[in-house]
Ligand SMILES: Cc1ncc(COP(=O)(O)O)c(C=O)c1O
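The chain that follows stands alone, in the form predicted on its own, written as structure tokens.
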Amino acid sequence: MPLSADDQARLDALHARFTALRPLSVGYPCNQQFDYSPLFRFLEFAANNVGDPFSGSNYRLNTHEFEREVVAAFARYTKAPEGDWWGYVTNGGTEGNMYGLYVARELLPEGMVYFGEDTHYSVAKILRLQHMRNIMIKSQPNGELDYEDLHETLRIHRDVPPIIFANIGTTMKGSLDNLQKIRAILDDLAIPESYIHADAALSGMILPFVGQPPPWTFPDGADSISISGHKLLGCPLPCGIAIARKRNVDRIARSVEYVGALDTTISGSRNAITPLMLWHRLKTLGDDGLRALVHRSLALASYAVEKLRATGIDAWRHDENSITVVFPRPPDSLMKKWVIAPKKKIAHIITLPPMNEAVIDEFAADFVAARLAG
């Protein structure tokens, strides 16, 4: 039965609203410039990536082959140890972080989780769900971990194995925790067992394509890394990648006869379309296209800081590798037009497509006008 005229009108109105909001959606890390129409034909299948993408499955309507290629690309970006990495495509950053903390808890069941106060809100939820002991560490004003506080807190609790949740780009300020500094603290305190999970939701697709990235990869000390797929790459469905050292994953794997697969993932039934989309995106852009996308976004972030400062708005970004532009919280009238992410006294924009200089100019002009209007 076809939709009624009223129901069709509702869908048309929703599409029109999305179309109008897309150029104004500047506060959240979502690249909205992509074309996945070549993949639309796969929506006629009830595809399902249940189980470990590397072990096979009785449910053969899957895209495991493409998922493995996607994970291999991210293993390269994160400099995962050859022959000792494993990963899968998740439903988003929260699941990727949950996976890293799950592996850590299984390896160190008595462990204590340490995370900075600028950490994404979902992490506190994950810790409650997994009943993991935890301590919040102070942040520096720029959002990065306060390493002195971390050192002193670890010293006090040095009898408990530490699980460090590191931010490779905080949600609001784009700040990066330095893995080498964290590892140096662990070494200084002679802590024998530890685990570091790196949340690289946005920056994990920026840092592989810049000249001198800060330490954030597996050789720098990470035991697992989570990166979002719908942020810089752009995807209409939230997704991400969790990648970890294979020897750690092997210790927690379980076999499930019903699906003929290893149970190594958080969710059972998993999206089979997002791995296909990420594969398509990686193939059509290639490293050169990704590098161009990253450098265009970085150039726009620099332009946005300069433009906002020129109009009297105290804008800044964490460093030259950040596409998160931070400024004082704007008047509510500005946020009625623009889709902005505020938190307490600050807000930010993130310079991903379809943003351009004209959009930044319009945003800055509206910001000034909103301030003048009081």
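Worth saying up front: this structure is predicted, and the values here are computed from it rather than measured. Start at 1 with the first residue shown and count on from there.
The discussion below concerns the form predicted in complex with the ligand, not included here.
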{"item": "The ligand in the predicted bound form: contacting segment from 129-137, 152-160, 109-117, 229-237, heavy atom within 4.5 Å", "value": "229-237"}
{"item": "Proximity to the ligand in the predicted bound form, single hit among P275, G93, G87, G204 (heavy atom within 4.5 Å)", "value": "G93"}
{"item": "Position in contact with the ligand when the complex is considered in the predicted bound form, options S194, T171, N271, T265, heavy atoms within 4.5 Å", "value": "T171"}
{"item": "4.5 angstroms heavy atom contact with the ligand in the predicted bound form for T78", "value": "no"}
{"item": "Contact test in the predicted bound form: S224 vs the ligand, heavy atoms, 4.5 Å", "value": "no"}
{"item": "Stretch 316-353: residues contacting the ligand in the predicted bound form, 4.5 Å heavy atom cut-off", "value": "none"}
